[in-house]
Every structure is written in C-alpha cells, then in structure tokens.
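Next up: a single chain in structure tokens, the form predicted alone.
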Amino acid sequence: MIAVGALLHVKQLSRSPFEIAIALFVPVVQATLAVYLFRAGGEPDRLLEAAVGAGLMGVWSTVLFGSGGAIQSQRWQGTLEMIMLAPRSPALVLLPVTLATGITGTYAMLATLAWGRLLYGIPLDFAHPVAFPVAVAGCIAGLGMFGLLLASSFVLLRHANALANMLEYPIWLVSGMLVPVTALPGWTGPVAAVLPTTWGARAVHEAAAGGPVWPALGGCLAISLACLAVGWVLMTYVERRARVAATLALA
C-alpha cells in the first residue's frame, strides 16, 4: 500500500505546474548562489561541497513544501476526509505523501549537481562514489519520515504553507547543509543534534568529501524512525481532535 500510494503521489507531483516550475528553476538558482558564495569566500576547492549542499537544500524544500502542499491539496480536492476515513491508520495513509515528496526531491539533488558541472565546471569527484547514492537515498528516506511528523500539524492548520515558509531556512541552516554546524553559534549544536536533517546532510557531505559515512547515516535513520513513531502517534491524536472540533475540512 505504501509503494502504490507513493507511486500515485509521485505521478501527481510530476504533473503539477508549480512543482515543475520549482524543479526547473530552483536548482539553477541554488547552485549559482552556492558557487559564488564559496568563490567569494576564497574556497574554490570546496565547490563540490557547495553543489552537494545546494542539492540538499532543494531536497529539504521539496519535502517541506510538498508535505504541506499535498495535505492542503487533498483538502482542496475534498479527498482529505476520505483519506481519514480509510480503514487504515491515518499515518499509514499519509506516509506515502511525504515519501513521494522525498522521491521527487531526488531530482533537485541530481539537477543541482548537473547544473554545477555544466555551468561552472565543478568536478564530480566523490570520495566515496558507492556510498554517495546510498547516503542520498538514506537522507531522502529520513526526510520523508520526518515529513510525516510535520504533516501531522499541517492537518489542523488553515495556512500550512505559512509554517513551511517559517521552517525552510532555519532548518537547512542549522542542519549544516551549506554552512558547517561548527561555524554557527554554540547554542545551535543541541538543536542540530536532534534533527535527522543534520545527520543526513553530514552523511552526504562525508560521502562526497571523504569521512565516516555510515555512523552519520545510521544516526539519520535512527532519529527518523523516532520521528516516524512520534508522528504516527501525533497523527492519530490530531485526526481525533480534528473530528471532535470539526476542523478537518478547513480551507
């Protein structure tokens, strides 16, 4: 059921004009910003790290807005009630939505690396070429499970996109996707340590630049599974609360 649901939502997202426009333009913009940022900082030897970080930013944006947008889309289409009435747990029915956004976000990573290579000549010399796709896949799976935790709050909110806008930049900044966590203020360390995005980004960066990939990837998946469990419980609670308060169909 999860596989069929994820395939269905991937098809829907691939036919959305908004998602297509974002997929075409955002990777180019993010790759350009990252490259010029690192060049201006006198670190041209870290352009591959910049391209990978920009790709991770694109994946995170796709998952975040995709989770909120998918729930809102189901609400606008009048199918959210049927999803909640399905003879399955609401979390199990909504998990394919967040996984589909992660799968769609894979294009952001591939497109950013491709544009970085074609436009700026960034050499794609990965330190661990075998571990890199595994780390990306694990990071995307982790983000999909983390998206379920976020989606549980989107069900009750009238303007879910407002929450998505608020979370986009702080999360990728604190997670060290483009800027190292060590360069941030000390108080961000504990916040970054509990986010699966931090460990997923670290695993991908280690696979690209060289370093221990598997401990970071294991931390990403462990925290993501914890987020999945919390999101599962929270989704059930939110669904019952929405029924009682009659707020499920707010548009």
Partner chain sequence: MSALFRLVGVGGVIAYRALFNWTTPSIFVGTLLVGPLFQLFFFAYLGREFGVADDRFYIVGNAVLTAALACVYGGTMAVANERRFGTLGHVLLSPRSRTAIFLGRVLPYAGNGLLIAASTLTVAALLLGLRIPATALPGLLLALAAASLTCGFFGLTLGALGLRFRDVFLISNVAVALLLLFTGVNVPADSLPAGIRAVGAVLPITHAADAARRLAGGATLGDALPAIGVELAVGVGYAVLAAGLLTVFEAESRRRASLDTL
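Numbering follows the first chain given and starts at 1. All values derive from a computational prediction rather than experimental measurement.
Below, we turn to the form predicted in complex with its partner chain, even though it does not appear here.
Enquirer: Quick one: does residue 154 come within 4.5 Å of its partner chain in the model of the complex, counting heavy atoms only?
Expert: Because no heavy atom of residue 154 falls inside 4.5 Å of its partner chain in the model of the complex, the answer is no.
Enquirer: Taking the shortest heavy atom distance, is residue 36 within 4.5 Å of its partner chain in the model of the complex?
Expert: Yes, contact at 4.5 Å.
Enquirer: Are any of the heavy atoms in residue 185 no more than 4.5 Å from a heavy atom of its partner chain in the model of the complex?
Expert: Residue-level check for residue 185: yes, a contact with its partner chain.
Enquirer: May I ask you to check whether residue 242 falls inside a 4.5 Å heavy atom distance of its partner chain in the model of the complex?
Expert: Looking in the model of the complex, residue contacts with its partner chain do not include residue 242, since no heavy atom lies within 4.5 Å.
Enquirer: Each of 21, 29 and 178 near its partner chain in the model of the complex, meaning some heavy atom within 4.5 Å?
Expert: Yes, because 21, 29 and 178 each have a heavy atom that approaches its partner chain to within 4.5 Å in the model of the complex.
Enquirer: If contact means any heavy atom within 4.5 Å, which of 139 to 147, 81 to 89, 166 to 174, 98 to 106 contacts its partner chain in the model of the complex?
Expert: The contacting stretch here is 166 to 174.
Enquirer: Name the residue from 51, 57, 207, 201 that puts a heavy atom within 4.5 Å of its partner chain in the model of the complex.
Expert: So the residue touching its partner chain in the model of the complex, by this definition, is 57.
Enquirer: Between the options 162, 130, 127, 124, which residue brings a heavy atom to within 4.5 Å of its partner chain in the model of the complex?
Expert: Result of the distance check: 162.
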